[in-house]
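There is one chain below, alone, in structure tokens, taken in the form predicted on its own.
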Amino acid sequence: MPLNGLTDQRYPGRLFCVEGIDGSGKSTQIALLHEWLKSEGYAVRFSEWNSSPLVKATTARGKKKHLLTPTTFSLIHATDFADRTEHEIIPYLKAGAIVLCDRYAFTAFARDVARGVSPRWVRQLYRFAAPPTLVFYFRVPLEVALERIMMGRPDLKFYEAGLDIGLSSDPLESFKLFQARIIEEYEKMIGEFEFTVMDATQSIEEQQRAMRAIVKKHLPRRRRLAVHRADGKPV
């Protein structure tokens, strides 16, 4: 039976994911965790949301021309996720490696629903997703997230700001309304999927120390420096 919309299939590897709104600092934290695990001698595979070569170019073109509807956006991201699951996630979990995901199916559960897509439909779309070992949810106030985003660039991106769903014609106001919707969906999932909530207002060092302490409890006893995938290729 599916586990809260995800498959109940289990693997010998470990799957750690980070979730949170734009500007929560989750990508920084999982990058640091990645480097630490490698330095500790673990075989680690990193997988990032919307990075599959199968659909990356298509997504970029659709975004540039503002052609993506909420449903097509959802289907494209699901295709990306399915491709990465088949080639980057499942083979390495089967081989006993550690897989780190910068965003997982929960991003779709939050963003797509915030865009008006049916929650049940989205969950059915991702029912093949492997259940994570841990999901870190980086909770941050909207104002803090926005300040972090605007520090690196002057303008908000069209889809990032949620301008495609007509909440407001002002990018800043649209961003706040859209991200507030996303936060609401994430908060609903905390108990359902047993998210580990991180205070994303703490310093980078404090968050990383806390993250490593939690991850340590779920690591295999033996490090795997030469793990091979199910198809015989080295990790």
Partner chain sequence: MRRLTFYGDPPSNLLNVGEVRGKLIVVEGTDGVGRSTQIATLRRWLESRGSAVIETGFTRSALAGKGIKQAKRGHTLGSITLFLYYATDFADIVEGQIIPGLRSGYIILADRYIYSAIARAVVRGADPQWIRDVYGFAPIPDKVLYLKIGVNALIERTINAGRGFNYWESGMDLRLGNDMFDSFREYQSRLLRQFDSMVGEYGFQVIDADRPADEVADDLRLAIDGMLSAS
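Positions refer to the first chain, counted from 1. As the structure is a computational prediction, the values presented were derived from the model and not from experiment.
Note that the form predicted in complex with its partner chain isn't included here; everything after this is about it.
- A residue is said to contact a partner when one of its heavy atoms sits within 4.5 Å of a partner heavy atom; Arg115 meets this definition for its partner chain in the predicted complex.
- Proximity of Phe158 to its partner chain in the predicted complex falls outside the 4.5 Å heavy atom cutoff.
- Taking the partner from elsewhere, Thr133 is found to have every heavy atom lying beyond 4.5 Å of its partner chain in the predicted complex.
- Although the partner is absent here, Met189 lies well away from its partner chain in the predicted complex, with no heavy atom inside 4.5 Å.
- With its partner chain left out of view, the stretch that reaches within 4.5 Å of it through heavy atoms in the predicted complex is, among 64-72, 200-208, 43-51, 26-34, 64-72.
- This chain lacks the partner; the member of Arg148, His87, Arg139, Lys94 within 4.5 angstroms of its partner chain in the predicted complex by a non-hydrogen atom is His87.
- In summary, among the residues Leu163, Leu125, Ala108, Leu100, the only one with a non-hydrogen atom within 4.5 Å of its partner chain in the predicted complex is Leu125.
- Contacts with its partner chain in the predicted complex, taken as any heavy atom within 4.5 Å, map within 76-115 to Ile76, Ala78, Thr79, Ala82, Asp83, Glu86, His87, Arg115.
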